[in-house]
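Presented as structure tokens, the chain that follows is alone, the form predicted alone.
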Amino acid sequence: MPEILASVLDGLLIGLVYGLAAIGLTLIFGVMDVVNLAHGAVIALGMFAVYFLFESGIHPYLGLVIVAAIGLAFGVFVYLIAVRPIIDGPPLMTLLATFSVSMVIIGVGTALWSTSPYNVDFPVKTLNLFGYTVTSARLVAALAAVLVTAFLYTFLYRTTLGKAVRAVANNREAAELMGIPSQQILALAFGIGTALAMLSGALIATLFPFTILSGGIYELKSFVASVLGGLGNPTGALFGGVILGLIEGAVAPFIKVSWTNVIEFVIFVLILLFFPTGLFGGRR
């Protein structure tokens, strides 16, 4: 039982980081109805961004602010170049566009950094939490995910710009009639979603080794967490990530690690069948 509880606690902490990754995915979908297939590649970019900042002498946690700024700028750039010209076209067009962006990122990343594993090697302490030993890196990553989520919630519900994002998500045409520049807001939303993805990648890089291909599995986990929480619902995505992490933690002592992904995707299919809008409802 102590081993199970310790595994569940680890799952809870990493689940919060999964939730942060899922929020970036579901925010973009909720605002502009775009399924971002470049999400995993962007997560990998966040891993490399914090790695190179660390190699240049910047502590990984201080580098998170820089990674977020890079992610915001990169997201706006991708939106303007790849998404905006086809935003009102068939959904397949945006899927292909974001998939192409993903392939470009992976191709360039492979050419520059190969597929050899990298590691952000900085001192990590162990802490006693509720009688169980956890690494400080996992605890800080989980707290950072919660703080970023709280900041995003405050931005969306307490600021004029955030309310404009919600207005465009609810009804773009009506928002334009009220004088809201929808294209700028869409670019901002895509930038924020990309920044969240890169931040989650940076946090994951402080926990595990990574390659340019590592974002793929976290992209799939983001889809599962988003569906669990309800597509378009950022708060639900966070809870979806926590549920995903708890499931991983609960089953880890009993089965091989390779089977956890199978269980997650079985749950993914069951949720789609019986709860099409997710456990917490769709767009909020």
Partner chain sequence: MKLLSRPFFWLIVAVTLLYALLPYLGGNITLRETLVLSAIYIILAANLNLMIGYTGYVNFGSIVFFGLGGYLTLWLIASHHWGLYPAVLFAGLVTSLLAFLLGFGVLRLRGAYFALATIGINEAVKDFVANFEPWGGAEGIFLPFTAFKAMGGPAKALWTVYLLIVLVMGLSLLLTYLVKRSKFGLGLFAIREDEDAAMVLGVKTPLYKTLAYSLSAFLPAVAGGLYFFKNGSVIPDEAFNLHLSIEAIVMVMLGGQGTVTGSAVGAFLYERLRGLLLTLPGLSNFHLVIAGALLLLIILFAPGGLMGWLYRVWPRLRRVLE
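Keep in mind that this is a model prediction, so the values were computed, not measured. Positions refer to the first chain, counted from 1.
Not pictured, yet referred to below: the form predicted together with the partner chain.
Shown without its partner, this chain lists Ala250, Ile66, Leu220, Ile58 as candidates; in the predicted complex, only Leu220 has a non-hydrogen atom within 4.5 angstroms of the partner chain. Think of it this way: in the predicted complex, the partner chain has a heavy atom of just one of Ala49, Val242, Met32, Leu231 within 4.5 Å, and the residue is Leu231. Per the 4.5 Å heavy atom criterion, the partner chain in the predicted complex is contacted by stretch 86-94, the sole one of 181-189, 156-164, 86-94, 139-147. Although the partner is absent here, Leu37 lies within 4.5 Å of the partner chain in the predicted complex, judged by heavy atoms.
Using a 4.5 angstroms limit between non-hydrogen atoms, Val168 is distant from the partner chain in the predicted complex. Within this chain, Ile106 lines the site of the partner chain in the predicted complex, having a heavy atom no more than 4.5 Å away.
Contact between Ile81 and the partner chain in the predicted complex is found at the 4.5 Å heavy atom cutoff.
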